[in-house]
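Just one chain is shown here, as structure tokens, and it is the form predicted alone.
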């Protein structure tokens, strides 16, 4: 391979699809590192941008290299970066924060007002190489394989959502068993939850939820509030509900199934406004509702890495499909089908 050029999956125009192009290898600027990408995983955001739905058309301005969740090896550093980082195994935080806004300056960089996201606002990870700020390259222990390291950013969403409240000895409902919801089930189990109930439409993902630590996995048509409470073994309602699907019906189920003074954490992004009985369903019952975005920088990364590296959570079962970079369209469509776990794009070029 010509080391002066690299492969990259490019969204060249505002339309569905993308092309596999060859681009010059980028050079890291001051404070940046260049990562030789070993593996990237497909996110629902990648599917939206590939298909060019209404949200993507409003949000993204081509041309742009797609993809964001990834891991690889630092192969070059820019000015001001410790040269000893060359050769370091890293996973990448895809939210590039400004460091200047109020959220950043008060320890809430995950909610940065000026965030720029890989694969949406700047070139992303479906490429042989990727340049990011050095702070966004999180060190990964040698014992964590690439197919797991590439999931750490996505897993971080699960960790942040699940650990937004205490889970030890709590009964937990999770609506949506996509890869993030499945990760949340594993976190709840590792945290010592008393019971974990998952609601998910896909039979394959319900089965996977049981492998990842759920005690029960219900289909939506059998999961009213009473059924959830019975499955959790708590007639008064679950202590914690985690909404990971983006379904308005799922949010209403979370609020109906949680006990009075319980907690609901919401990560899923609903495509339309969700009608909720705020007076009787939330306020008068003292239910705490928290929106969750991204990963706390850098506490979530530390928590996620420890959970995986120390064997408390095994993410390997989540990887159900693998494709080479040349077959990225198949990877996208497999993820879009709703029956896969995590879909991996194997790019290569990293150390084991």
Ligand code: NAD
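Note that the coordinates shown come from a computational prediction; the quantities given were computed from them, not determined experimentally. Residue numbers count along the first chain shown, from 1.
There is also a form predicted in complex with the ligand; it is not shown, and the following applies to it.
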| query | finding |
| --- | --- |
| Among the candidates 195, 135, 73, 202, the residue which, in the predicted bound form, approaches the ligand to within 4.5 Å (heavy atoms) | 202 |
| Selected contact from 250, 90, 167, 217, since only one has a non-hydrogen atom within 4.5 angstroms of the ligand in the predicted bound form | 250 |
| Candidate stretches 100 to 108, 138 to 146, 184 to 192, 260 to 268 - the one whose heavy atoms come within 4.5 Å of the ligand in the predicted bound form | 260 to 268 |
| Contact of residue 180 with the ligand in the predicted bound form (heavy atom, 4.5 Å) | yes |
| The ligand contact at residue 176 in the predicted bound form, heavy atom, 4.5 Å | yes |
| Residue 320: touches the ligand in the predicted bound form, heavy atom cutoff 4.5 angstroms | no |
| Distance check, residue 294 to the ligand in the predicted bound form, heavy atom within 4.5 Å | yes |
| Interface residues of 218 to 247 toward the ligand, as seen in the predicted bound form [heavy atoms, 4.5 Å] | 220, 244, 245, 246, 247 |
